[in-house]
Ligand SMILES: NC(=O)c1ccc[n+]([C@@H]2O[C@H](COP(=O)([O-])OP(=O)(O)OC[C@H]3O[C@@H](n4cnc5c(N)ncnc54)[C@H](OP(=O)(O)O)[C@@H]3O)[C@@H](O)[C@H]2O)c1
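The data below hold one chain only, encoded as structure tokens and taken in the form predicted on its own.
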């Protein structure tokens, strides 16, 4: 890892920051692209090179990508259809094309397990699929991480003392801790065996969303409150809340699609995720 430099795009976010930290802890030089460098430095601390800019600026991308060995993409679009396309499709396309032009060794990207031609039934999943296609066609070596639900997403369903279980979430999901995921991303930069692969990143145990929320609720003292996707969509329309409407569409998507990939290859190449949901909850207490 000596002298290897990795650019993390989205490195101040909930799922990008731990990747940047893990890469640094394992000896990589880490560069971040950030709209607000001062804020990024306060969030991550010293020891990171920070380039000012964002993914809409190709010139800033070129500066950030110059001289790096790899780039990890951890972007979140939405809630509008246009913003999903901007972040999950167009930004990925521009990063991949620029990386290819500059001879960057690899691009890694966080995607989701329910992204395919069959499952492109929402603005988010469609945009992610287009972004993946652009990455593959760019010619730059890539690794796509098809992650299941992150444990870190559970607090996002909490408002006050209530935790919203949105929709009829019947599928058992292998919840993954971002700590395990970050370790796997860092490991991927230490082997050529992960190049040009789509790897399913699943945690050690499977729970339906309702069961996972019950476990989290037991540790935090919140109450799980079911709400249908239709009701959330209506509430969003009545209150002009685009985030609620977008969430209703997202959760309807996950009502339809469960996990269908295998984590065996990822686990063999990158190590088996070990943090259980209960262990994660205990750390968060």
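Numbering follows the first chain given and starts at 1. Just so we're clear, the structure is a prediction, and the values are computed from it rather than from any experiment.
Just so it is clear, the following notes concern the form predicted together with the named molecule, a form of the same protein that is not shown.
Engineer: I need the one stretch from 68-76, 186-194, 162-170, 100-108 whose residues put non-hydrogen atoms within 4.5 angstroms of the named molecule in the model of the complex.
Structural biologist: Of the options given, it is 68-76.
Engineer: Here the chain is shown alone; which of 127, 143, 92, 148 has a heavy atom within 4.5 Å of the named molecule in the model of the complex?
Structural biologist: Going through each option in turn, the one that passes is 148.
Engineer: Identify, from the list 80, 137, 153, 208, the residue with a heavy atom within 4.5 Å of the named molecule in the model of the complex.
Structural biologist: Of the candidates 80, 137, 153, 208, 153 is the one lying within 4.5 Å of the named molecule in the model of the complex.
Engineer: Even though the partner isn't displayed, in the model of the complex is residue 236 close enough to the named molecule, meaning a heavy atom within 4.5 Å?
Structural biologist: It does not: once the named molecule is placed as it appears in the model of the complex, residue 236 has no heavy atom within 4.5 Å of it.
Engineer: Residue 86: heavy atom within 4.5 Å of the named molecule in the model of the complex?
Structural biologist: Result yes; residue 86 sits at the interface with the named molecule in the model of the complex.
Engineer: Is there a non-hydrogen atom of residue 10 within 4.5 angstroms of a non-hydrogen atom of the named molecule in the model of the complex?
Structural biologist: Contact with the named molecule, yes.
Engineer: When the contact criterion is heavy atoms within 4.5 Å, does residue 35 count as touching the named molecule in the model of the complex?
Structural biologist: Residue-level check for residue 35: yes, a contact with the named molecule.
Engineer: Are all three residues 158, 230 and 243 in contact with the named molecule in the model of the complex, where contact means a non-hydrogen atom within 4.5 Å?
Structural biologist: Negative, none of the three is within 4.5 Å.
Engineer: Could you run down 27-57 and flag each residue that has a heavy atom within 4.5 Å of the named molecule in the model of the complex?
Structural biologist: 35, 39, 53, 54, 55, in sequence order.
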